[in-house]
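Let's start with one chain on its own, the form predicted alone, as structure tokens.
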Amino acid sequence: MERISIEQAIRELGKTVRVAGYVHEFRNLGKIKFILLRDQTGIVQVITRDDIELNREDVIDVIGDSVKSDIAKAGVEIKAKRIEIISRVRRKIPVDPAGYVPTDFDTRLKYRFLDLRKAEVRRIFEIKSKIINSYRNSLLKRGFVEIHPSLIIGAASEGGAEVFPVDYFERKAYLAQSPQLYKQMAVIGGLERVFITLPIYRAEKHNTIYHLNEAISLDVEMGFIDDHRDVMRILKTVVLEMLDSVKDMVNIDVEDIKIYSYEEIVKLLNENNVHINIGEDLSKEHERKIYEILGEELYFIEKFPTKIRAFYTMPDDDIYSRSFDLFFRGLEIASGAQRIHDVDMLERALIDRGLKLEDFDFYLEAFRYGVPKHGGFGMGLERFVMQLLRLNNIREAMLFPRDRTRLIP
């Protein structure tokens, strides 16, 4: 007999069903035993007269009749005809999946496979899955092509020093901070609209609730644009569809995303007694204050000073660039821009940042054979999920997070 989910078994009233899962609770009342059986879809009460003793989190397989019950929480219980013990718990459980005993955060992450048995933790990753599928589907129906560039690169993709070096035979290599250079090269090569879903790596020695050393980046690059606003329109559409995809699981209602200039935001902060000079980047304190002032769930800030953006960002004038960030409840979740498409300008930008042209020769070569105006964005999936679900720490949004101290499990 084929196993079905507990959710389905509850609907199969009056039928013989086979379910399997974890023992959530066990009560021995002598002649009759009550088992609360849990799988990913829910919990059902199982009753049996068998001479059986079970521990919480033992794994069992049950065949029985799904019948109406006035006392079971689901209104249905399974009268067991056969119970097979698949696996017994052999040690004291360090994380309580039932949630009766609180567990500190580090222990939860150490025993993530047990933490994942909690319904509220599983829900994070079910929502994350729906979001990433919505991102993919939204772009596919707009003519984007999914690509998979290498994560082993020969030069720091954003010019910084915060990269993980790797042994690559007799040469120096790094784990990619971003797929930026390669997605640009794909667009230059004729794949006019591309998107990527892959890990990125940043060797920053931080210990904050907002950062991971390995994260999932949702990247887009598109050619033949007029300016950065074309990219912003795509990002806005995709994000609103991502939110719509989980409206049955999360209570959030956003119909539009307003745009503010960096200059407007600096003025607004100073008017609210938060000092910042033109040319300074926004700190976390600034971001929190902006959210407090604006009171909007999602908003764009555009035209940041060129000197605080990546070297490949297209200037708009002598001070500002054709760039933007997207903020969700006071936290930057996406960043993008129109890119420089003129090779001479790109070389000057690299030199101005103190970077060696020879380290980027493979990249610069692509700009010597005709380049369309292009731009794109990168969005942090875990940051998006963290802000959407109001999680306390970004590590909650990563199944097995990597930070400065955590390399296992």
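Counting begins at 1, following the sequence as shown. Everything quoted here is computed from the prediction, not taken from an experiment.
One more form of this protein, predicted in complex with a small molecule, exists but is not displayed; see below.
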Query raised in the report: Thinking of the small molecule in the predicted bound form, which stretch from 52 to 60, 377 to 385, 65 to 73, 346 to 354 has heavy atoms inside 4.5 Å of it?
Result: 377 to 385
Requested in this report: Heavy atom within 4.5 Å of the small molecule in the predicted bound form: which of Ile78, Ala176, Ala334, Met222 fits that? Just give me the one.
Outcome: Ala334
Query raised in the report: Given that the small molecule is left out here, which of Arg117, Arg202, Arg193, Lys289 has a heavy atom within 4.5 Å of it in the predicted bound form?
Result: Arg202
**Report entry** the small molecule in the predicted bound form reached by all of Gln180, Tyr210 and Tyr312, non-hydrogen atom within 4.5 Å
**Finding:** yes
Query raised in the report: Quick one: is Ala215 in contact with the small molecule in the predicted bound form, heavy atoms, 4.5 Å cut-off?
Result: yes
Query raised in the report: Going by a heavy atom distance of 4.5 Å, is Met398 a contact of the small molecule in the predicted bound form?
Result: no
Query raised in the report: Does Arg339 reach the small molecule in the predicted bound form if we count a contact as any heavy atom within 4.5 Å?
Result: yes
Report task. Answer with yes or no whether Leu389 is in contact with the small molecule in the predicted bound form, where contact means some heavy atom within 4.5 Å. Result -> no
